[in-house]
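Heads up, what comes next is one protein chain in two forms, each shown on its own as structure tokens, labelled structure 1 and structure 2.
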Structure 1
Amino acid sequence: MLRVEEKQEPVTFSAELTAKMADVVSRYPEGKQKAGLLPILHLVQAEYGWVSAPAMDAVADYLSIQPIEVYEVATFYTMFLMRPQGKYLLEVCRTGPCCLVGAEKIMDYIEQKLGVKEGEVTPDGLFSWRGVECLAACGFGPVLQIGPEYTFYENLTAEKVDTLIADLTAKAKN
């Protein structure tokens, strides 16, 4: 979470992002533009990779609402990232069915393999990881998805994790 002492520069949205936001707002009746908050936060995250406090302030200004109204929504939903992530975000399902078949061991293995704790970014900026709620593949656990494309990988093992990390590392170098 952003600390008060971590001062960040104000955000100015690109013309392209502003046009997309205007399209979202146009779908709602006059005076109900706040209803576009979730899709606008998704657009902001797609543009920047995460949702910073200055970006939330800019969204509030754009929608003519109080910043706290944006903060409440962005921090409530786990799909919004409140700090920078690695180029590849590994999200491991941590709910009951996946844990029964080894998700916690996979998370421990990823932490060991990458050398960073949950929510941290590897020194090369390539990877971060976190446990998430159900990825809706209960019969194929343990499961993870890798963003930003959110490709799913099922029936994970340490060997499959090694292969995924090696493939992504090689892809990033090309």
Structure 2
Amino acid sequence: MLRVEEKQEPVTFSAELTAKMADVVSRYPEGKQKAGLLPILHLVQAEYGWVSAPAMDAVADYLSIQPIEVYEVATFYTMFLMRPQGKYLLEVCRTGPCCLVGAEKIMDYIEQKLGVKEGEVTPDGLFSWRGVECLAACGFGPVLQIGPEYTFYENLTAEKVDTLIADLTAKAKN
């Protein structure tokens, strides 16, 4: 859960991020800039890996809305991460149709392979994982996604998980 009292240092958005935020806001009529909140939270999360309270305050400031309007939205939507995660967050679908084709086994396997429970981060800071709800890929389950680009990995098997984790570990080292 978000604990606003644990505020870190204020954040300042880069010029590049601010330009992207301005582009978002240009999509709505005059005075309706609040509509940019979700797209902007995605941009912020892609930049920092999660959404901190100071980042939300800066978003509120940018959109000329109250901080609470950002907090209540960021905590409603499951995609916004309220605390730092591993560099790679493996989000595995845990909903019915994927379970018919082995999603629960894959989650058990990932837990055992990474040696951390759902929501925890590996000691090297590289990985965390969690179950998420139906990802609209039910015919290709089990399936997982990895942000911030939300790349999909479908028809998962233990071997595919091994390869994926090995590849990502190698990628992080380079």
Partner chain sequence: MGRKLLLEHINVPGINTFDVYRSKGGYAAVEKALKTLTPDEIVEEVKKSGLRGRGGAGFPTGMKWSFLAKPEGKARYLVCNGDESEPGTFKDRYLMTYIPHLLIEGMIISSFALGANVSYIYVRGEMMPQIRILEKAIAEAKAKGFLGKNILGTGYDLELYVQPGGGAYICGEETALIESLEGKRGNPRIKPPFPAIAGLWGCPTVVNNVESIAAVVPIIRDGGEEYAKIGIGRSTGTKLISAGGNLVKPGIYEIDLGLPVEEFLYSDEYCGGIANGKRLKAVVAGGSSVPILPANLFLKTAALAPRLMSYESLSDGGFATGTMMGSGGFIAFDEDQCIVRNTWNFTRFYHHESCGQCSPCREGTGWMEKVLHRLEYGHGKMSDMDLLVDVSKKIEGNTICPLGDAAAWPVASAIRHFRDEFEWHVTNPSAALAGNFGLAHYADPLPAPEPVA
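Just so it is clear, the structure is predicted and the values come from calculations on it, not from any experiment. Residue positions are counted from 1 along structure 1's sequence.
Q: Choose the one of the two that is the form predicted together with its partner chain.
A: Of the two forms shown, it is structure 2 that corresponds to the form predicted together with its partner chain, while structure 1 does not.
Q: At the hinge between the two rigid parts, which of Pro84, Asp57, Gly102, Gly31 do we find when the chain moves between structure 1 and structure 2?
A: Hinge position among the options: Pro84.
Q: Treating the chain as two rigid parts, how many degrees does the smaller one rotate relative to the bigger one between structure 1 and structure 2?
A: Rotation of the smaller segment between structure 1 and structure 2 is 16 degrees.
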